[in-house]
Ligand SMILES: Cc1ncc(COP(=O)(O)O)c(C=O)c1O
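Below you will find one chain, with nothing else, as structure tokens; this is the form predicted on its own, and questions on how it binds or moves follow later.
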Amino acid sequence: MPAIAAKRYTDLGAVKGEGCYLYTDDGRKVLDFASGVAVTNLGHNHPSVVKAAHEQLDKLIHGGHLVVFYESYVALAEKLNQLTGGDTMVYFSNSGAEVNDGAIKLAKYVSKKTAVIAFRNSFHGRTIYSAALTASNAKYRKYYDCVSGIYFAEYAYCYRCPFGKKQGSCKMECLKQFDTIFHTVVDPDCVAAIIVEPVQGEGGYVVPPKEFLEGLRKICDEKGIFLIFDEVQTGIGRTGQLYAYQTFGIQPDILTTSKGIANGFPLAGIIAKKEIMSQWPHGAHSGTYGGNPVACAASLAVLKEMTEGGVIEHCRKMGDYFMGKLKALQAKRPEVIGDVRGVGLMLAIELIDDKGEPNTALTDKIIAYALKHDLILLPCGTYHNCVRFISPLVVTEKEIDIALDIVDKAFD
């Protein structure tokens, strides 16, 4: 690792990417099931994205979306509007953390309220405010916790229910908790928004029951609170639809999108109902580089592949295949694989010890073994005891088999 660089998950020096593989400066071909942390959903250097970016480079690299309009920006906004119901407006920025900050600003500005409710085990970014919303690990907020008006609720983590209940026999205590929160902690009249990941990412790839998200929608409607879906990691086909809200069939008031939206170019967006976004005047929020022309052109190519190239359908098919393989692996090793969960190609296994407690040490060993055998995997979960599989959505059965053969041998 270069002495001038901060620490990262691997010591690999990547020189080229193609499809599901990275090629390193020491001659290795490595299967990338991290996808640049859920970014290269079309695989590395997808030809359509590369072509679109090259063509835009010859036209305009930066115009400044605060100063002028340009074709790729307007076309992308129109496309996202179309794909999210036709009654939305879009604001472009650069990263997930930025748009999560912006979404909260939007909710506060329009509602004239100041409090926000987030969830334990959440991850929303690393800016001051998005880190303050994050509760998957205290290290993300260490020495930075200087934001008031944020309250945390328990997420519907059924495998390790925070209320000690069993899925199917509970009374949805994860929703009933809001009665207590509103009575004892913060009056709902003061709450601008509830921000939630429809599937928790960093917190463990936790998939909640649909009833949980439906319940949040109902609470927000009854109390006059904006529901924000952080779709930074779940969006752009990852869960088998363009966005996870479509997978679950629950409409948020505001959603945030980034990571896979431009397949590697820095781009992010706040997508909100028109009736909300239209109340956010010029100057209430801003940023210099948001909606960069090249990134927008790349994103248009991504969305075309997603909607016309069969990528989302392929994701669902490969997700079913992958899940079946993981279930078989769990049946083979039930003493260490406590849970298999996910939706689409957002999948994880939770590793446990002989007492059913989080097994971080084993997770580290599995990931280290995989890396030695040319497979990149990443951990997740508040105790980093889950192995997450974030393959590109264009992954094949053969590549899934290669990866899981390595993981199986790692357990041996």
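Nothing here was measured: the structure is a model prediction, and the numbers come from that model. The numbering used is simple: start at 1 and walk along the sequence shown.
FYI, the form predicted together with this ligand isn't displayed, but the following is about it.
- [ ] Using a 4.5 Å heavy atom cut-off, indicate which stretch of 214-222, 227-235, 308-316, 83-91 touches this ligand in the model of the complex.
- [x] Stretch with heavy atoms near the partner: 227-235.
Open item on the list: Is it the case that G125, even though its partner is missing from this view, gets within 4.5 Å of this ligand in the model of the complex, heavy atoms only?
Closed with: Yes, G125 is a contact residue.
TODO: Considering only heavy atoms, tell me if L300 and this ligand come within 4.5 Å of each other in the model of the complex.
DONE: It does not: once this ligand is placed as it appears in the model of the complex, L300 has no heavy atom within 4.5 Å of it.
Open item on the list: So in the model of the complex, is this ligand close enough to G260 to count as touching (4.5 Å, heavy atoms)?
Closed with: Heavy-atom contact with this ligand at 4.5 Å: absent for G260.
Open item on the list: in the model of the complex, does A77 come within 4.5 Å of this ligand, counting heavy atoms only?
Closed with: It does not: once this ligand is placed as it appears in the model of the complex, A77 has no heavy atom within 4.5 Å of it.
Task: in the model of the complex, the one of S136, S111, S95, S72 near this ligand [non-hydrogen atom within 4.5 angstroms] - done: It is S95.
Open item on the list: For the stretch 189-215, I need every residue with any heavy atom inside 4.5 Å of this ligand in the model of the complex, listed N to C.
Closed with: Residue within 4.5 Å: E197 only.
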